[in-house]
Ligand code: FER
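Next up: just one chain, as structure tokens, the form predicted on its own.
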């Protein structure tokens, strides 16, 4: 057995309350790569001026332009930016988890994009009005997704003149921590259900739409929601109340969600931190694109 081999390839991942060590151990033999990209967007929160935005892109090991890949858009919190998930180098926890889930055959490899969720000229961490988070749906639809689909090998007839983003919604997921969880609920489900079919909210922020609001928004929706996963720490004084109000009882008020079928609320001891958020990512990565 090679010294770079962690252990024999045996799929063991499951939705759990902790991440097994084998999925957090640095994978050297079959490791994916991370690219830093820039793309053109606009100051949707301000005067609409052209803005250069930044994002990080994880490509799985053996990324091949002749194949097609699903894409997860993974959002940060109010005090972070495209780097908050740490997807910047070989020791990235997101990258290591993805590498190992793929290595052991627990998931079909997919692309992960961590963008900056502030749609404003001043989009530095802690550098702009938080209301710019609420404009991100326009950037997603008009700028970021088209850029990713023009530069990477994803599902969809992107070269066709009549190509519509909604045609490949089954191959897109959106998830995020705290304010990024709010964006997943308010924007992903609330505004862009035609673009995404898998959703994950990790400690969703206090301004997240309530379950009743989401039910109202989705009334009459005929597009299948394949899964909505939620996680929050019970000692999270910032988000537990809001995340609970947003999702815990959602299947009771909206017939588009069914516990155990396309919905999961997970709570466990923990605070508003990456102990919960990385676990959420690990669990959601197994759920998306199944």
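Treat the numbers as computed from the prediction; the structure is a model and nothing was measured. Positions refer to the first chain, counted from 1.
The same protein also exists as the form predicted in complex with the named molecule; that form is not shown, yet it is the one meant from here on.
- With respect to the named molecule in the predicted bound form, the three residues 134, 178 and 205 uniformly fall within 4.5 angstroms at the level of their nearest heavy atom.
- Residue 223 falls outside the set of residues with a heavy atom inside 4.5 Å of the named molecule in the predicted bound form.
- In the predicted bound form, the named molecule stays beyond 4.5 Å of every heavy atom belonging to residue 31.
- Residue contact check for residue 130: one or more of its heavy atoms lie within 4.5 Å of the named molecule in the predicted bound form.
- Not displayed here, the named molecule is kept clear of residue 154 by more than 4.5 Å at the level of heavy atoms in the predicted bound form.
- Checked against the named molecule in the predicted bound form, the candidates 264, 238, 57, 245 yield a single residue with a heavy atom inside 4.5 Å, and that residue is 238.
- The partner is absent here, but in the predicted bound form a heavy atom of 78, alone among 165, 121, 218, 78, sits within 4.5 Å of the named molecule.
- Per the 4.5 Å heavy atom criterion, the named molecule in the predicted bound form is contacted by stretch 205-213, the sole one of 105-113, 166-174, 137-145, 205-213.
- Residue 272 is the only member of 256-290 with a non-hydrogen atom no more than 4.5 angstroms from the named molecule in the predicted bound form.
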